[in-house]
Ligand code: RIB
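Quick setup: one chain, the form predicted on its own, written in structure tokens, and binding and motion questions come after.
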């Protein structure tokens, strides 16, 4: 089985991505580490614990950093709701998080399992940046690193120039992407093409008829209303579940190799500057199998 760490700022799409991982028979999720981003750290942790409980999986959850490296936290509760789960809560999970800090736990898991741990970062990359700072040797022991972040070759979702995760902590994103680690990156541009759900997709999810599928639908309703008002569409983009689907099976994913630097300040803060090169350490997803994404998602909600 593949040994996995999920690093998350657990809100609506993160929760679905976590469900996809926990329901995958080939994944041994060693830890879920939480980070401030979509919501504050405590809420991200509560939501991760509740999602595990919903899946009947007592996965160890560890709290990480409560703010970006060099700036004040700015959340996206305006989109994900005050509880981070579309205002369907509040939730009071019976599971408790572990006492050990997430950064220390990631380091120990990697050192105890060299070349075996795969990490997926579906929030700001603050925890992972801290890991690389605290123990630089671990970068040579990570089997694979998947990242949901950046705009790729498109436009942003929090500003015209930036995707939310990189915008929240551009310093961390720049550090991780320039660490020399090979990164499999799923950006916002591919999400809009391959990772959306429309009305027909929601009807299919509703027909599944399980408690998990109902949860997945309910937590997206606030986001759906936001899209209807702003874009006049019955649609929502699920970036984190798309990234998780790529991690689960990227056999039909096409990548472009590149180097990436992230703008740290000013109007274009968080923008990823992509320089394509066959020698690049970043594998930027350019084409993702939409049918595979939808099939993995639906299978996880049964």
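Keep in mind that this is a model prediction, so the values were computed, not measured. Residue numbers count along the first chain shown, from 1.
Separately, the form predicted together with the named molecule exists; it is not shown, and the next lines address it.
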Heavy atom of residue 262 within 4.5 Å of the named molecule in the model of the complex: no
Consider residue 148 of the chain shown here, and say whether it contacts the named molecule in the model of the complex, taking contact as heavy atoms within 4.5 Å. yes
Any non-hydrogen atom of residue 165 within 4.5 angstroms of the named molecule in the model of the complex: yes
Close approach of residue 272 to the named molecule in the model of the complex, 4.5 Å, heavy atom: no
Among 239, 31, 236, 258, which has any heavy atom within 4.5 Å of the named molecule in the model of the complex? 239
Just one of 172, 122, 216, 106 has a heavy atom within 4.5 angstroms of the named molecule in the model of the complex, so which one? 122
Thinking of the named molecule in the model of the complex, which stretch from 126 to 134, 174 to 182, 156 to 164, 85 to 93 has heavy atoms inside 4.5 Å of it? 156 to 164
Residues in 174 to 210 that come within 4.5 Å of the named molecule in the model of the complex by at least one heavy atom, in order, are 188
